[in-house]
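One chain comes next, on its own, written as structure tokens: the form predicted on its own.
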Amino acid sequence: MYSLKEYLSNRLRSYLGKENIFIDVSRSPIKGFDYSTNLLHVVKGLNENELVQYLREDEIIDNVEIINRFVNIRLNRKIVFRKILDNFASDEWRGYDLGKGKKVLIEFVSANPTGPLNAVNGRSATFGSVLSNVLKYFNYQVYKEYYVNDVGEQVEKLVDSFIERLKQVRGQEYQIPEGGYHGEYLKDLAEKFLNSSNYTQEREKIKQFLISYFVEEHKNTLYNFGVVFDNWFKQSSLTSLESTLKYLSEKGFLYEDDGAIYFTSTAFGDDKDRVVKKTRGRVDYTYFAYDIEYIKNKFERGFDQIITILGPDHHGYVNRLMAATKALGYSDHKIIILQIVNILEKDRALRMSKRKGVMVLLDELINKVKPEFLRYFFISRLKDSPLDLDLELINRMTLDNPLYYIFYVYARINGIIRNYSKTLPALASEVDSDIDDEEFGLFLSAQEFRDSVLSAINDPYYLTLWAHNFAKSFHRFYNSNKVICADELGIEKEKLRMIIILFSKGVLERWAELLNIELPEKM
């Protein structure tokens, strides 16, 4: 049994004989019942009596009632308690082999080496690293890659801008070119470069210096942020572009118009055909041409699936990248778009642009906020939603800070354990006590972590949602129930509650492992 919700959903699908139908299973609002399903609202004409009888035949189900066409289920608490705990204690709880060793390449962040990383890059770094951990949890072989755009017009504009900054620091007249980079960081770097042993006036050497400098800076920033990549893949290492375009041409997917070469991406659902080779400019091939070759390169390296995580200004890339994937004869390419990040500073949201030089740097955020706090908040909204990072709230060590609220659960659990004068019970211990509604409710909240991990395959946000909901359940239970209660309620009731506490501790630790967060034992 992976999770109760999944188990019940699969039982209902088996009853219908339909594997692909979505059936919602959620907590029942009816007192005395645990879960409820909307099955009768989704599928019309079912025999209600047969459905109730079918469900009651399951050993984990005590009772079923239909109220307002919602099927409400009361679980057999002792059986469910034992099954979940035995599964968790034997570590089978971790071993849900959804991935079956499938090789997955996740590419994320991949900021151009034209300036420091910013807050949007931080959201991408967090999303990609947590998603990688989730997939590993399910036995996918995950490879994290950063794509370095060291070829192209933007790099050339960076060099142009830097050369002008060199003139500036030498006291000469200078003019940042149209479409160039205006950030003050280039002036600071130009001063260092001018006085270093690396100084040169050769354009190509300047370019290589800039690329190496910013790539190394990105690596250091991400390392300090708690994110490490398996590979930094340079665009310049793609050496089969001509043969790839020849292959597409032979397939009839390229054509020439007014001297430029176009890819027929409209044949695969894009809104317009895309240029792969230009007629003007310093760079012949477009970024998209290299994107095509990079997709091919990923699959040729033996990956079964590739996942590409893009920033908020890349919505137009989805259809063209999927078109390229299909034209190359591949299909398993998942593209994820993350929304904008706004940094709230004194109730004002700062906008970010490398070129204009208005940036909230990831390094600056790390200096102001602990990286693990940032990582939590970077995935605290759905990927499709804009994210407002309120630095004052994140740093506030009070219960209105969601992560502090979660930390307080773990600290309270450890406080209970420290105050427990007896030998801690094993999770596999038999308990001769009935499980009341509050106890079972907390237990269900803890085990629903596994549902959140399943949902996190699509969006790690669900891990933060589970943690906050679980924290609410725990604090509510803690405030109305004594855990060390043998004198008042008997040794068996105390043992039961301690087992639930220990189970909750273990689940929280697995949650923290996925988010790369260290939980505090005391607060």
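Note that residue numbering follows the sequence shown and begins at 1. Treat the numbers as computed from the prediction; the structure is a model and nothing was measured.
Only in words, not in the display: the form predicted together with the RNA, which the text now covers.
For this session: Among 438 to 446, 195 to 203, 248 to 256, 307 to 315, mark the stretch whose residues have heavy atoms within 4.5 Å of the RNA in the predicted complex.
Result: One stretch meets the cut-off, namely 307 to 315.
Problem set entry | the RNA in the predicted complex: contacted by all of H41, R412 and I484, heavy atom 4.5 Å | Yes, the whole trio is in contact, each within 4.5 Å by some heavy atom.
Exercise. According to a 4.5 angstroms non-hydrogen atom cut-off, is K472 in contact with the RNA in the predicted complex?
Worked result: Within the cut-off, so yes.
Exercise. Applying a 4.5 Å heavy atom distance criterion, does Y185 contact the RNA in the predicted complex?
Worked result: No, Y185 stays farther than 4.5 Å from the RNA in the predicted complex.
For this session: Answer for S429 alone: is it within 4.5 Å of the RNA in the predicted complex, judged on heavy atom distances?
Result: Because no heavy atom of S429 falls inside 4.5 Å of the RNA in the predicted complex, the answer is no.
Problem set entry | Interface membership of Y405, the RNA in the predicted complex, 4.5 Å heavy atom rule | Close contact exists here: in the predicted complex, Y405 approaches the RNA to within 4.5 Å, heavy atoms only.
Problem set entry | Sole residue of L328, L222, L382, V215 within 4.5 Å of the RNA in the predicted complex, by heavy atom | Selected option: L382.
Exercise. Of the residues N297, N76, T286, Q141, which one places a heavy atom within 4.5 Å of the RNA in the predicted complex?
Worked result: If I apply the 4.5 Å criterion carefully, the residue I get is T286.
Exercise. Across 486 to 523, which residues bring a heavy atom to within 4.5 Å of the RNA in the predicted complex?
Worked result: If the 4.5 Å heavy-atom criterion is applied to the RNA in the predicted complex, 486 to 523 yields E521, K522, M523.
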